[in-house]
Structure formats: structure tokens, C-alpha cells
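Below, in C-alpha cells: the form predicted on its own, a single chain.
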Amino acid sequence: MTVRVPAKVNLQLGVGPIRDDGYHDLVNVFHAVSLFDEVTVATAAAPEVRVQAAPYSRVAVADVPADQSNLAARAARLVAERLGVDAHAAIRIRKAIPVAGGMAGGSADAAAALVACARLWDDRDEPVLGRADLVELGAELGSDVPFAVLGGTAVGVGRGERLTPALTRGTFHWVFATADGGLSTPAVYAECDRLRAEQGTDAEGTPAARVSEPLMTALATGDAKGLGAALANDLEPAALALRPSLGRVLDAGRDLGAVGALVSGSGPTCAFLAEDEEDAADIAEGLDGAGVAAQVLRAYGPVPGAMLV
């Protein structure tokens, strides 16, 4: 079974106070975009994980675990446990989503493995595990996994795992500028907390994050300029503090005419919203020529979540 699964960009990432379990309360407006990993799962005598870059991509995969610690392998074990079968799967991951780039590539692979293993091992006329069950299992693996199962555009609350689809009209065109080396998500959240403490906002004083009404209106009306103006990421100051060079990347994209620019998730990938497809091509060409990114990628959204191919 082969499943194709998209990357995501956070249109809004609102980081609220720290909860008792150590996580932050979030408001996360997820948007699935047309950069895809493919995960193939087959029955095997013993569990196995292989990771490679997709033939058309230049994604560096050296740091992606090719053992049972890989999130896709953990997803396979969860499905096997739920179905009562042996978790003997050969998993092949072909990556085109940037690694450690704030676009949820690892979570996407886990979502793909959930869908693929459920289809491979659950051959009943009425499957035990439906899409809603896989979303629930995904939440056990990570905050971004449930959205990768669903795709489209959705508002996530809690840790980001409780999802509500968002009304979205039309297609939005994106340019992504990747960076050499990743940023640790826990390190970015820790830096966010440190900056807030430095500014006199302690954990209890951090206000609850709320969904941006202008952003939701722009999505519902297909207004690229309005969406660009409403893009927001509470982790961006922390990512910029840890990787100041990202500020130059964001400035370059804005100077080239992007209607919106932000660090994607915990970074270090920078995302630029274009007014239309033609402008996206111009922005991508300009960023490539400026030499401010390891790689420049174009995509559109929203697209569906994990799907069998």
C-alpha cells in the first residue's frame, strides 16, 4: 500500500499559556500544501524502515531515523496493536517535504503509515479503523499527525490535535524557502517561553490564543491579500532569535512582492504567500537568484490529507 501525504503550513500559530502537562494551549490554523511524501508499506518477516529522497527532490534525509524510532514505524505499531496483528511491516519513505523545516514532514509520514497499515492489515468488509479512528490514533503520536490524516484547511486547538475543518474558497499559491540545518521544535518553544519571561509575561500571564477572524474571512472568500495580511506565528520571534538569518529571508520575499510572509511552524522554513500563480513564479525566481535559501519550492493549497495512490 502506498500513501501520498502533504506538508502543512501554519496560517496562524497562536501559542497560549503552558498547561499542567507541559504543553502549550494552541490555536493552530493548518493548511495542507502540494509538497508530498510517499510512504509504502508491505508485509515483511520483520519490521524494516528505509528512507530516501524522492527522485525529483533535493531533501537531505541523513538525519531521518531509519529504524523503529521513526514516527512512521511507531504508527505501524499502533495500528497493529489496535487490530491485533503482528507489526511486521517493511516501510519505505520517499521524502520531498523538507526535513526539520517546520512543515510536519515526520508527522505526515506517520499519518501515511496509519492509513497504509490500516488498509494493509484490515481486510474486513467493514473496516475496524475508519478515518476518524486514524485521526484519534494520530493524536497519540503527535500534535500535527491528525491534520496530516485529514488535510485541507482546519483549525486545531488544545495541542493542535482537536480539529475543525475551515471553510476555504479557491486556491492559494505559496513559495517556501528552506534553510540548511533544522531547528528543534522543543528549543523554539523554550526560547518563546524565555522571551516572554524576559518581557515580563510569565506562564500564567500569557493570554489564551484566539482564532483570527480576519484570517478566517480571507480563507472563506479566497482573498489572498487579506490572508497574507492576517498570517501570524507566535513562534516566529523565537525562531528569529535562534536563527537571525531568517529575517533576511523574510525581507527578501516581501521585497519581491509576497502578500504575506512568515516562518513556517517552528522553522526554519520561511513561507511566502503570492497573490496568484504568476506572482509565485516570480517570487521563487527572485529568491533563488538572491541566494538566501538552501532550496526554493513552489506549492499550492489546500490539498487533501493522506491518500492511497
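Note that residue numbering follows the sequence shown and begins at 1. Bear in mind that the values here come from a model prediction, so they are computed numbers and not experimental data.
What comes next is about the form predicted together with a small molecule, which is not displayed.
Which of these residues, Ala60, Leu26, Ala54, Ala66, gets a heavy atom within 4.5 Å of the small molecule in the predicted bound form? So the residue touching the small molecule in the predicted bound form, by this definition, is Leu26.
If the cut-off is 4.5 angstroms on heavy atoms, which of these, Ser212, Thr168, Thr206, Thr185, is the one near the small molecule in the predicted bound form? Of Ser212, Thr168, Thr206, Thr185, the residue with a heavy atom within 4.5 Å of the small molecule in the predicted bound form is Thr185.
State yes or no: in the predicted bound form, is some non-hydrogen atom of Gly152 no more than 4.5 angstroms from a non-hydrogen atom of the small molecule? Judged by the heavy-atom cut-off of 4.5 Å, Gly152 is well away from the small molecule in the predicted bound form.
In the predicted bound form, is there a heavy atom of the small molecule that lies within 4.5 Å of any heavy atom of Gly226, even though the partner is absent here? Gly226: no contact with the small molecule in the predicted bound form.
Would you please decide whether Arg162 lies within 4.5 angstroms of the small molecule in the predicted bound form, comparing each non-hydrogen atom pair? Contact with the small molecule, no.
So in the predicted bound form, is the small molecule close enough to Gly142 to count as touching (4.5 Å, heavy atoms)? Answer yes; at least one heavy atom of Gly142 falls within 4.5 Å of the small molecule in the predicted bound form.
Specify the contacting stretch among 142-150, 91-99, 173-181, 75-83, defined as having any heavy atom within 4.5 Å of the small molecule in the predicted bound form. Only one stretch passes the 4.5 Å heavy-atom test: 142-150.
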